[in-house]
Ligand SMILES: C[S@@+](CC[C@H](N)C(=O)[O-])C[C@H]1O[C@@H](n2cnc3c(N)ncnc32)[C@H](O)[C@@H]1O
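Next up is one chain by itself, shown in structure tokens, the form predicted alone.
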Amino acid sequence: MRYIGNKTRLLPFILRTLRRSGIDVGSAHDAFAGTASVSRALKENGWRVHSSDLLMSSYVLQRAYVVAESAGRNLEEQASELAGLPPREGFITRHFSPATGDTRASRMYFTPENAGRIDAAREELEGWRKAGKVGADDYYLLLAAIIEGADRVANTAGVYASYMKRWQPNAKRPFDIVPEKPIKGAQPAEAHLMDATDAAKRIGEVDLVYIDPPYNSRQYVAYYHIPEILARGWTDSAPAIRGKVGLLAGSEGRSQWSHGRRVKKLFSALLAATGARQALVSFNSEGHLAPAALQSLLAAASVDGKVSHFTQSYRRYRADSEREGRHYHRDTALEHLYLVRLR
């Protein structure tokens, strides 16, 4: 899934840093799981993983890509059945597709055909869950596949804060559902739908906490409101939405970490709350805290005052391409990793 801050390309850097620092495989808390790429990599490398995030869409991905240990025999058949359902006029069609009539604004997030098929798949899967037709692991594997499939045909530049005014080539492709194969870990994993500090208190002692918080004022629940709606569903109660692009109304899923003045206090609270022996902190050079300020904060929390610092440049995320009237100042950003011993 296209996601700002996704660490997929930086996984070798993260894993290499742990190995070279002599950190043995053990238990870990991925405090801001996002798309669960780091959690999944840790599990694949033998760690017992606890993951957490405020967003339901992240929780779905955690359950599918980290917690799930095995899939049912009929998972691929069920995915094919869901993908092949005739379109239905549901929440996505009414609010995020340029269908005609009523208050259906011309929000060009999905073609009418794809929107109807997404509606059909999401509603049918929820019916299966209520009827006991799918177990928990298969439910989350299929739901994650619906979210990923919708993202592949979304008429956006990579985030859902706006939609393109013309249909992009990917948006014209048919919606499909391709579930990922679950990974069998050496130890079971757990997912937590909650604030990072609250999750740290609940999880208790671990060998490592990986901290990758929001870097700036972006609220992910706004940038990814449609995946969030797909994760929450609408068969029991329809989500309240607002504004030109149909953002979720209310404060649910909004992170305090996106407020620059609060980040330092929040960092200190998380480091005090965690039962981890080591903390690995990932932070971007363009974040709320300057590298020197963050390093000073971590030194204060460290048991010996020492902070190991690692960096790697990477190609920065672009929501669209270079074009006339739109030029990027830098093609690369610098990722900082800080490793401290807490206790």
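In this text, all values refer to a predicted model and were calculated from it rather than measured experimentally. Position 1 is the first residue in the sequence shown; the rest follow in order.
What follows is about the form predicted in complex with the ligand, which we do not show.
Annotated contacts: L271, L280 and Q295 are all free of the ligand in the model of the complex [non-hydrogen atom within 4.5 angstroms]. Taking the partner from elsewhere, S255 is found to have a heavy atom lying within 4.5 Å of the ligand in the model of the complex. The ligand in the model of the complex is not approached by P239, whose heavy atoms all lie more than 4.5 angstroms from it. P179 falls outside the set of residues with a heavy atom inside 4.5 Å of the ligand in the model of the complex.
Taking non-hydrogen atoms only, P213 approaches the ligand to within 4.5 angstroms in the model of the complex.
Segments offered: 286-294, 31-39, 64-72, 307-315. Contacting the ligand in the model of the complex at heavy atom distances within 4.5 Å is 31-39. In sequence order, M194, D195, A196 are the residues of 174-204 having a heavy atom within 4.5 Å of the ligand in the model of the complex; the partner itself is omitted from this view.
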